[in-house]
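This document opens with one chain alone, in structure tokens, the form predicted alone.
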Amino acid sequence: MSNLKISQYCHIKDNEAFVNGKLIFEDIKSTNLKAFSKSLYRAIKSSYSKFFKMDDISRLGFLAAELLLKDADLSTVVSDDVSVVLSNSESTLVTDQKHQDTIADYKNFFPSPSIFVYTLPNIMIGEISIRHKLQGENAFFIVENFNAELIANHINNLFLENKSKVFIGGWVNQSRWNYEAFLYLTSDVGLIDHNALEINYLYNNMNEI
């Protein structure tokens, strides 16, 4: 068993953003992820020009990481010691469909490299890592539903094998109908034990802590 603790967590869903169980932003007027992500980006006064070039799910993961790490001090942590382990059920299906639309008609064939580059979920981790200068291990799992045990076990194993000391774990998912991001930060500092039971509780009770 590892001695990892959860120190920060955030949740973005249904046009609301929570950090450590507290509602920090909502926008009831936004009708889709694209609109909400732009609204949240402006609200938190983020400044990163590449944000507007990302696909929607990468923006979602990027914003969740911005919220998660806003008050986290990683200045004393070596970049190789910070790993990212994420998951979802849809991979990049929404972006995949956009890419398919560009190649479906052979008479109007216009594949876009700017869309195609985001047809791998690991690109989201790449965007987060570049933004925050993270160079540790990373993994992305495609599972039917959020699986806290899978994420916790993988992170705990990396920690016990001395692969990393600080981890970002969670779930970032987008379908045609909804979107959700849940990220948490774990290291040897924090108040919440890093195990599947605690992670599931945080995930299922985002505004009740």
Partner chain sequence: MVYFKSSNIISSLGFGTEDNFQSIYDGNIGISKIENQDIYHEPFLASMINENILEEKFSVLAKNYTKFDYFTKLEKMIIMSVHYAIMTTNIDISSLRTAIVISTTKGNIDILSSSYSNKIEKERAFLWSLGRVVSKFFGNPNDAIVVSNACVSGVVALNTASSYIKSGKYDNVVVTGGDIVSRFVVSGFMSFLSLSPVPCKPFDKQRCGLSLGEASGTIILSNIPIASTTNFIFSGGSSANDANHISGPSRDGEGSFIAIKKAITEANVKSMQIDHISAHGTATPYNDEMESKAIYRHGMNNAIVNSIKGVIGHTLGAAGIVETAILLEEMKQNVILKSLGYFEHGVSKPIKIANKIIDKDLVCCLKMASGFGGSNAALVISKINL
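Computed from a predicted structure; not experimentally measured. Positions refer to the first chain, counted from 1.
Another form, the form predicted in complex with the partner chain, is not on view; read the next lines as being about it.
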Leu150 within 4.5 Å of the partner chain in the predicted bound form, heavy atoms: yes
is_contact(Val143, the partner chain) in the predicted bound form, heavy atom dist at most 4.5 Å: yes
Partner proximity in the predicted bound form: Lys163 to the partner chain, non-hydrogen atom cutoff 4.5 Å: yes
In the predicted bound form, Asn178 touching the partner chain (heavy atom, 4.5 Å): no
Any residue of 116-132 that, in the predicted bound form, places a heavy atom within 4.5 Å of the partner chain: Phe116, Val117, Tyr118, Thr119, Leu120, Pro121, Asn122, Ile123, Ile125, Gly126, Glu127, Ser129, Ile130
